[in-house]
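Listed next as structure tokens is one chain, alone, in the form predicted alone.
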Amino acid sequence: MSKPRILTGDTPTGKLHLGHYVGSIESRLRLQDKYDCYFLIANMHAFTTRADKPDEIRQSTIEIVKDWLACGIDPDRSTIVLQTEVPAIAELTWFLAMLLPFNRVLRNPTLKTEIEDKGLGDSYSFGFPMYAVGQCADILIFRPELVPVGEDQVAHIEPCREVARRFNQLYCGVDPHTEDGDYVAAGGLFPIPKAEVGRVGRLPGVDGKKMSKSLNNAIYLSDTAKQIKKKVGSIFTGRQTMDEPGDTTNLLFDYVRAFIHDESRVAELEKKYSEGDNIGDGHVKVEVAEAIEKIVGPIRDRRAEFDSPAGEEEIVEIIKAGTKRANLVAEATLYEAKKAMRLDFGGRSLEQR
């Protein structure tokens, strides 16, 4: 590789929101030229909880790519990958599943969060716990050094790091005392990937809970200026009057610090608000909504260019081209993994139309 590699992505659950943008997409845009970037649409993972909604998952896949392109992801500089079109991911998932204890998989915070947020109880499918192992394969099949994620995703990367160490030690003979950054130099196949947290580690929804489509508390990258203003206006602080000193650790000021980029203006707002200096929540909300619109407006306009049958056909072609490039890398990794496991009984060619 001429440049170090990045892998990250999104599960197609609908349109992307501001939490995705500040948590990961900003990092992806910043790193596009410095790194060899692979961005994965995890549509296979979507089937673990919505196997009865294939049409919805397909449309959500298209919507995510629209958001990526509108934000500035460039398919000529970065590789857009559709998970279900890379068969090596599923095969590597099977092998990695043998290296992770079952109770370790069930402790993965991804699973716990999904079960709680979606009210799955104990009725989830047999394939649902494979989501956590599949995440490891998604990453390791491309052998990246960095995984840009939001703060709440950092713990999800740890099982991937654990299984990469285990594979390298068991099948490549790497000493368990090797430093993480030296595994490849010591003969390992997989780098031990590191999480890269975005500028804003975690952006709550407008109700203070995790920003989520299912909780109806998200500001989307496709929202209109009117929708943004209404959603920001719903943020509750508990403050009664503009003459009352306010607590700048509240949710509203999380948004101030996330989206108003003029540091002197942020400091001024914090000072006036905390001193009760004739500044109300409504005034602050207007500034926050305007700052968000400066980000979302251009994204929304670029996104509209793909809102047609021709635009969606173009997206499908971008997915095909990126996935074809990705398969070259994934197949090479799978071959090397199987060789290390003494399973190299024959090569494999993969033709994609």
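For every residue, the number given is its place in the sequence shown, counted from 1. Every value quoted in this text rests on a predicted model; they were computed, and no experiment measured them.
Keep in mind the form predicted together with a small molecule is missing from the figure; the text below concerns it.
Asp138 belongs to the set of residues with a heavy atom inside 4.5 Å of the small molecule in the predicted complex. For the chain shown alone, Tyr255 is not a contact residue for the small molecule in the predicted complex, no non-hydrogen atom being within 4.5 angstroms. With a 4.5 Å cutoff on heavy atoms, Phe167 does not count as touching the small molecule in the predicted complex; it lies far away.
Contact between Leu69 and the small molecule in the predicted complex is not found at the 4.5 Å heavy atom cutoff. Among the residues Leu269, Ile219, Leu82, Val149, the one placing a heavy atom within 4.5 Å of the small molecule in the predicted complex is Val149. Put simply, of Phe259, Tyr273, Tyr131, Tyr183 only one has a heavy atom within 4.5 Å of the small molecule in the predicted complex, and it is Tyr131. For the small molecule in the predicted complex, the listed stretch (283 to 291, 302 to 310, 56 to 64, 40 to 48) containing residues with heavy atoms inside 4.5 Å is 40 to 48.
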